[in-house]
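Take a look at this single chain in structure tokens; it is the form predicted on its own.
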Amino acid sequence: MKNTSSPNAYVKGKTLTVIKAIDVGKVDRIINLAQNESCYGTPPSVSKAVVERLKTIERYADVSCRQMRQAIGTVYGVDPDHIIGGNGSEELLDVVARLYARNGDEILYPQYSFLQFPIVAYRVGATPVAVTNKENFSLDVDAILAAVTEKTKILYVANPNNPTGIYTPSSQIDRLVEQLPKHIVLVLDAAYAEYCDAPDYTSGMEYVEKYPNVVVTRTLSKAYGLAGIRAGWVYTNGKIAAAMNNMRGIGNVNALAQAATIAALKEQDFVKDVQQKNKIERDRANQKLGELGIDVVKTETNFLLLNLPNGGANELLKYLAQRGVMTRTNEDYGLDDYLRITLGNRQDNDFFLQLISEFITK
């Protein structure tokens, strides 16, 4: 008798996806403003370091990421022994979930946060719990603390946040860290930290040695311009670092990514230049969109979140795509009326702003 059964996955197919395909028109040039990548590339020293490592590509990478961790420790003033390298920071978010959550547990995260937070919960069989934000998408510390149950094992907080772009002031993070039960792992995802110049912002690094449950994730995919090579890291206390070191994949940071990271970290003047250019372009775009009457969420990142109700977000996405500009709708975040646009260079920003002006006035 023929067996007509099929495999039954514990994690069913989801519609959530961090990267979305976009149908662009038949144009000569595609401008990708959909994935929050840096448009400013990397310094020549990074490419040189990668090419040099290619000469011995038959050799395994350092599985301990020793030189990479030392370079990070030097730049950020933290203990290299409390740093874990990752295949991007996304891998490290997943490592935390695999360490501290299982079927029947709960993973908390603020509403309208990085899609990877519920995705890692699905991977380990835990229940993702989205906690309602305050108005204007700001973090509601009281609501988060009230949502904690005996099943809560992990809390993920992105600061600055994706896809909204807003940041949570250090006073609110202070309160959250102090009042969250210490058996719950608090992951502060600071992927966009380099772009935030608010005086009361903190990436959370200072909490690590003081509190036993804090994990800070960082990436080189954004301001450092290494999105295509995948390099991230975690800073946490020795006990959690040791556990993560056992859970991560062996050789999880490949040789080219390690070489690129070490070289990029030496180029802090380049990163400062990227920060300054991004701020200038962010301010310009905000002003122009305001003049067009478009509501833009105040951002501290390298992207903008535009409010276009009544189907306007999808209409604008299609209008821009037909003219070669890729952006991102946010219905899988529950933000159907919002369009996210990554900031590009001056030329690209002028182009998409011109197109939006034409769309509004047509």
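We number the residues from 1 along the sequence you see. Quantities reported herein were computed from a predicted structural model and do not represent experimental measurements.
Same protein, other form: the form predicted together with a small molecule, not shown, and the subject of what follows.
The candidate stretches are 101 to 109, 241 to 249, 257 to 265, 82 to 90, and the one lying within 4.5 Å of the small molecule in the model of the complex by heavy atoms is 82 to 90. The small molecule in the model of the complex comes within 4.5 Å of a heavy atom belonging to residue 192. Remark: residue 164 does not count among the residues lining the small molecule in the model of the complex, judged by a heavy atom distance of 4.5 Å or less. Looking at residue 168, you'd find every heavy atom of it more than 4.5 angstroms from the small molecule in the model of the complex. The small molecule is not shown here, but in the model of the complex it comes within 4.5 Å of a heavy atom of residue 158. Checked against the small molecule in the model of the complex, the residues 153, 277, 288, 230 give one hit for a heavy atom within 4.5 Å, which is 230.
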